[in-house]
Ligand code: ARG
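Given as structure tokens, the chain that follows is alone and in the form predicted on its own.
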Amino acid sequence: MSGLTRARRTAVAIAATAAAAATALTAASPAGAAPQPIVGGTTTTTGAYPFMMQITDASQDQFCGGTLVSPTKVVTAAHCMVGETPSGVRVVGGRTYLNGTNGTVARVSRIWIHPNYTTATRGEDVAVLTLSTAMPYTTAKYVSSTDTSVYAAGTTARVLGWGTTSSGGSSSNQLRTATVPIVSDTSCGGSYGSDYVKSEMVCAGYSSGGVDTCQGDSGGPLLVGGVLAGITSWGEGCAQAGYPGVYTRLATFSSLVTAQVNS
């Protein structure tokens, strides 16, 4: 079974070519609380999450999310950056609303995509953008290669994004957030079969569905304890029962990301 990526533009391109792909996830409510229909979740601001970046085209039309991990480095999904060039991408910080004009717009000087990336359902869905100018916002910490305990089943995680509030629906003009529980590898493998690569992916969501990331949320953060632990990657539809969102397991790629951050 193959899913859809959660980038606004790449989801369309992938469907047009019938290539295997993955769709961005929407947000969720706390473990133990009833899910609310990012799909689900509540509105928030970039003031509350200053490291949350919009990734846009040169006209500042947002198509993915990203996380500022140093003043000039943004972590996002590889599937967001396939086919993109630095000159055609902008990163926007400090802008809560998609139709806003405030915040800081930075050009991109370099795009690093994991060299083994092919499609989101095969893993390695991680990319790092180098900005031409520094962002004046608080950065996010991210997991180290030994921080595997954050992926324990039932752990509460937070997702963020401007993605659609239903599969194929309209995007949210305001940044949204939700909480979702981490799902066990066994359960996620039962949902996605061989497309789920447990060493490189992690699932989060409710068995009943209702809360998830979705198109436009790709590349955005999965936070555990306020630390970047995953990257919104793909899923079967959005917020469907039995199909939690799939995120890049960042601990697996932490050393590679650090090498890019320090480059």
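Start at 1 with the first residue shown and count on from there. Everything quoted here is computed from the prediction, not taken from an experiment.
One more form of this protein should be noted, the form predicted together with the named molecule, which is absent from this view; the next part is about it.
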{"query": "Pocket accessibility after superposing the named molecule in the predicted bound form (3+ atoms within 2.4 Å of backbone/C-beta)", "finding": "blocked"}
{"query": "Interface membership of Gln215, the named molecule in the predicted bound form, 4.5 Å heavy atom rule", "finding": "yes"}
{"query": "Contact test in the predicted bound form: Gly237 vs the named molecule, heavy atoms, 4.5 Å", "finding": "yes"}
{"query": "One stretch from 66 to 74, 195 to 203, 228 to 236, 50 to 58 that, in the predicted bound form, holds residues within 4.5 Å of the named molecule by heavy atom", "finding": "228 to 236"}
{"query": "Any residue of 134 to 164 that, in the predicted bound form, places a heavy atom within 4.5 Å of the named molecule", "finding": "none"}
